[in-house]
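Next up: the same protein chain in two forms, each one alone, written as structure tokens (structure 1, then structure 2).
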Structure 1
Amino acid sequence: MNSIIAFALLSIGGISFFTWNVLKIRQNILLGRETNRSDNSGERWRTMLLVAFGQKKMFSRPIAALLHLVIYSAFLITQIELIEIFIDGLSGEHRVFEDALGGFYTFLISFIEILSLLTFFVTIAFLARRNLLKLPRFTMSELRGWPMKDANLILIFEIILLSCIFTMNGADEASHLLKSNESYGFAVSQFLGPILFGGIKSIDTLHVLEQIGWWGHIFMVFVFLNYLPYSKHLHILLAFPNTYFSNLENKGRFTNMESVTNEVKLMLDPNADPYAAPTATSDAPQRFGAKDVTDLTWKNLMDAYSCTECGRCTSSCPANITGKKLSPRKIMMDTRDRLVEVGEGLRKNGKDYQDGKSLLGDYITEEELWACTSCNACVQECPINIDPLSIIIDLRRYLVMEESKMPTELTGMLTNIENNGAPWQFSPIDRLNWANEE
């Protein structure tokens, strides 16, 4: 009974704290402007199944994709064993599904053990890629400090969790052999159990070791769960809604501000009443473009929370490759960091709180923004359809439309467009003079 109470308290505490953090993240995301992503639900479900569930875009880099697939598959399949652990913990039973499922139970646990063993080696490989091989996209300046520690910490958590699983199953196997001289027949622990614990001839000692593994496993599950909201690995949960709400428009199609579009239509429509009361959708916005995270859409903010900092976007960015300061990954990391800062400030100080800082300037520089060629390579490469370009465009839109700031190379072209309706230094009435030349 004490064990059941302890497990129930641990579960309630762990799930409650996780829920509290998830609600804070949701609150932060909803600080963004509204955007409609409810259209074409069939295409959205298809995108989510292919990109998030099917890992389609991961396979542009096969080695990383195969390694990730092992961990991804293990994460999904081991939830079945986790369900059994929860039932055992709340009921005081041991392997509650064993009798009901019979031989299928042996197959299922064996499959989970094989995936877990593969995951153990893959986790070691991921640690080696970051810390020994030092792949270029994992050693860039934006990953120094906490981001690098975060990446390593989650992998260390994974190793501890897997070690607890094999301690639990291995000690249980050795105990079962000692009591009945029969093996469970699980693919890995039937060999690993005797190797690690075969020399122990005390049932009580083996039971203690099995309990250490069992409690260690469930404790690490809750540690992992409650670490996610503070980690880049929140994509484990957000990848699915993030891909569902993907931008389904063709890449390269920019959005127009509705208020500006309506104003242009008003100017061009001779029958329009310029003194008519504005509708709710045509009210002038508080700001053209985006200066801070609250000027971005909620989907931009969900993108920021979904970013796993894999660096595929930055490693494919032509501006970054040629030595420019721009890193699409840093754009997403900066947006998330600023959003967390704004959210915490509003919760502590009220909805009217201003800290005097902004995403543009304090986190992202103008140099970074103007280095972007808007080629969409970062959007194409992202495994979960994150769109750094839309954030860059909105920040640049603010610079141009609100502050009239732009590189000198663009000033002449924009002046010509304003005066002549075209990028060239010709009056509209002279535009066809070339046709009169003999």
Structure 2
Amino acid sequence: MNSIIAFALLSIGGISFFTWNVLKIRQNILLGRETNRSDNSGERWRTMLLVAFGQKKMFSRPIAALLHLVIYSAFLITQIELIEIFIDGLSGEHRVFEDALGGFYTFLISFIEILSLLTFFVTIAFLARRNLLKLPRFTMSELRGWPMKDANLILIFEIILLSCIFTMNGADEASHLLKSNESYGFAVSQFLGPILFGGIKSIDTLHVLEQIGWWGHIFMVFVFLNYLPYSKHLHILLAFPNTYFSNLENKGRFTNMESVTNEVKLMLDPNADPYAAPTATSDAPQRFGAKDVTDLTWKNLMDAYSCTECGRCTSSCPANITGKKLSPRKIMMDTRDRLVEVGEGLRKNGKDYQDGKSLLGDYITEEELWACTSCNACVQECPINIDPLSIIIDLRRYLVMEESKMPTELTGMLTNIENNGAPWQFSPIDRLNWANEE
């Protein structure tokens, strides 16, 4: 009975704290501007199934994709065992599914065990890749400090979790053998059990070991769950909504700013009264472009929380490849860090709180923004359809339209377009000259 209460308390505590954090994230994401991503649900489901569930875009790098797929499928399939653990924990039973499922149960647990064993090795391989191989995409400056620790912590959690599973199943197997001379027949633990615990001839000790594994496992599950909101590992949950709300338009299409459209229409309309009071379409005059996270759309903000810091975007970015400061991954990480800061500030100090900082300037510099060629390589590469480019463009818009800050050559280019309808100083009357030149 005591263990049932302990389990219930652990579950309630773990789930409540997680929910509280999720609600904060939701609140933060909703600080973003409105953008409509509710159309075309068929296409959206399809995108989510292919890209998030089906891992489609991961496979542009087959080895990493395969290794990631092992962890991912182990994660998905273990959820079944987790359900059993919950029922066992709350009912005081032991392996409730065993009798109901019979031979299929053996198959299922065996399958989970094999995936878990593979995951164990993959996790070690990932740790080695990050810490020994020194791949440039994992050692860049934006990963220094917490992000690097975060990545390693997750992998270490995973190793502990898996060790618990095998302690649990291994000790259970050994005691089963001791009691009835019969094996459960699970693919891995029927061998691992005797190897690890075969020397122990006391059922009680084995039972304690199994319990340590069982409790250790479920405890780690809650640690993991509650670590997610503080970690890049949140992608395992957010990948799904994030791909569902993907941009379905051609990647080359930038949004047309509605506020500008209205003004331009007025300017071009010969019947418009230039002194007329501006029509009150929205009460608070919106800034042109984005200076801070609250000027971005909620989808930009969801992108930021979903980013798993894999750096595929940055390693395909022409600016970054050629040594410029711009890194699309850093754009996403900065957006998230700033959003967390803004959210905390607002919750602590009320909704009108301003801390005098902003995404542009305090986190992202102009130099980074101007290095972008808008080539969409980052958008293409991102395995969960994150769009760093749209943030870059919105920040540029603020710089140009609100502060008239841009490289001087661009000022010239824009003046040319405005004065003579071409980015260079050519007269519009000469536009057709080519037709008669030799």
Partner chain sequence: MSLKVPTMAEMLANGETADVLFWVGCAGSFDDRAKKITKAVVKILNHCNVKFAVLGTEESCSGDPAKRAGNEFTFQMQAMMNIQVLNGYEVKKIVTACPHCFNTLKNEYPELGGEYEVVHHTQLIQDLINTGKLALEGNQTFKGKKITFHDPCYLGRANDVYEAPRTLIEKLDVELVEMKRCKTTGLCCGAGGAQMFKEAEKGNKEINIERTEDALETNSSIIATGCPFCNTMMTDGIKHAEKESEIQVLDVAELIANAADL
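Reference numbering: structure 1, starting with residue 1. Rigid core (definition): largest C-alpha set, two forms, superposition within 1.5 Å. Here the structure is a predicted model, which is why all the values come from computation and not from measurement.
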query: Label of the structure corresponding to the form predicted together with the partner chain; finding: 2
query: Ile12 C-alpha shift between the two structures of 2 Å or more, rigid core reference; finding: no
query: CA of Leu266, rigid core aligned, shift of 2 Å or more between the two structures; finding: yes
query: Ala422 C-alpha relocation of at least 2 Å between the two structures, rigid core basis; finding: yes
query: Core-fitted comparison between the two structures - CA shift at Arg431, Å; finding: 4.6
